[in-house]
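A single chain comes next, written as structure tokens; it is the form predicted alone.
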């Protein structure tokens, strides 16, 4: 099994694992009619359980799984995997019914009434009791993940945030702390609030479908699974001492030091390409970064509206199209910045220590 273990370590290296995950996600959208079949999904589930059982025999994986504060992310991955299959299965069934000239399944239940009392109240009561039982059992059987008081002479390595902040901690590697901790999360919240106002397509309202809303579902699920859940998984299982990357089956070496010479775009262009010293005036020094960001957020949306997004531009109008495309470009900025970091050790496109602002 040595070759298998080495293959897993290679696949879970950051530059490979991220793009393999993207490829698998896109394949799950494109071939949903295949893998959502109960027999196929059952086979995939059995294979995943077998892999988890084998991975649990590895020292580092077992130690990571045994930590009480990692239990929520494990449960979330399992539950979201099941819910993703369930929703996609219902969407595929509805798409097949529409293709055959039949109404969607939800149409048959449109006129069915459910009484608040006793149907809804009883259901909520049972759900509440079960939830309380699970929480009580959890609190009694699993040790609370509390550590000793903060000690400057004994800091944890790696120092990890709670599981629900691990995605943000991973983003901090690639963006300025203010932008990673405030700017991006705030933009995400505003984007979610804006969805009902920019997306007025009535298709998919009240019933599951994939074929009718494929682009919208792909974009939303990409942001949720790849840019949040995957980053939390990476922070939990692949980030070790010194916040260095380790393969899934690789033991964490606390003495390992990775060479990382961070550079900024101004240094790459002025020093490496042009062979000159960087100008002292900040505007001249960072003009290449400003041009890159301006092109990405200002010119690129116009080019998209004139080419591949021409139909969407006509449907949404200039204002809503601009909001949608800029939100999509901000979402795409994270994987682009990750690639630049892994490939060129690029830290910032715009580096402004004068005002403590970087991009």
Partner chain sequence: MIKQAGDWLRGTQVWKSIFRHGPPTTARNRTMVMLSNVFLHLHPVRARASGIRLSFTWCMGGLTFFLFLVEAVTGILLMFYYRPVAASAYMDIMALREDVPLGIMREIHRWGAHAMVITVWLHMFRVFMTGSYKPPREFNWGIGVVLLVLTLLLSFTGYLLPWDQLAVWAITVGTNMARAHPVVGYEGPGANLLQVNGIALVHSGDDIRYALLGGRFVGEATLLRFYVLHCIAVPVMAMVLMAVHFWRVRKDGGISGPL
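Small disclaimer: the values here were computed from a predicted structure and weren't measured. If you superpose the two forms and keep the largest set of C-alpha atoms that fall within 1.5 Å, you have the rigid core. Residue numbers count along the first chain shown, from 1.
We do not show the form predicted in complex with its partner chain, though everything after this point is about it.
_Residue (of 262, 201, 244, 187) lying close to its partner chain in the predicted bound form, criterion heavy atoms within 4.5 Å_ = Selected option: 201.
*asked:* Just to confirm, with a 4.5 Å cut-off on non-hydrogen atoms, which of 258, 283, 115, 99 contacts its partner chain in the predicted bound form?
replied: The residue in contact is 115.
*Just one of 284-292, 270-278, 72-80, 245-253 has residues with a heavy atom within 4.5 Å of its partner chain in the predicted bound form, so point it out.*
Selected range: 72-80.
*Hey, in the predicted bound form, does residue 239 get a heavy atom within 4.5 angstroms of its partner chain?*
The answer is no: residue 239 has no heavy atom within 4.5 Å of its partner chain.
*Would you please decide whether residue 266 lies within 4.5 angstroms of its partner chain in the predicted bound form, comparing each non-hydrogen atom pair?*
Flag for residue 266 set to no.
*in the predicted bound form, does residue 211 have a heavy atom within 4.5 Å of its partner chain?*
Output for residue 211 is no: heavy atoms all beyond 4.5 Å of its partner chain.
*Although its partner chain is absent from this view, report whether residue 104 comes within 4.5 Å of it in the predicted bound form, heavy atoms only.*
Contact with its partner chain, yes.
*Using the arrangement in the predicted bound form, list in sequence order the residues of 328-359 with any heavy atom within 4.5 angstroms of its partner chain.*
If the 4.5 Å heavy-atom criterion is applied to its partner chain in the predicted bound form, 328-359 yields 353, 354, 355, 356, 357.
*Determine, after fitting the two forms on their core, whether residue 205 shows a C-alpha shift of 2 Å or more between the shown form and the other one.*
No.
*After fitting the rigid core, is the C-alpha of residue 126 off by 2 Å or more between the shown form and the other one?*
Result for residue 126: yes, a 2 Å-plus shift.
*Once the core is aligned, please say if the CA of residue 101 is shifted by at least 2 angstroms between the shown form and the other one.*
Result for residue 101: no, shift under 2 Å.
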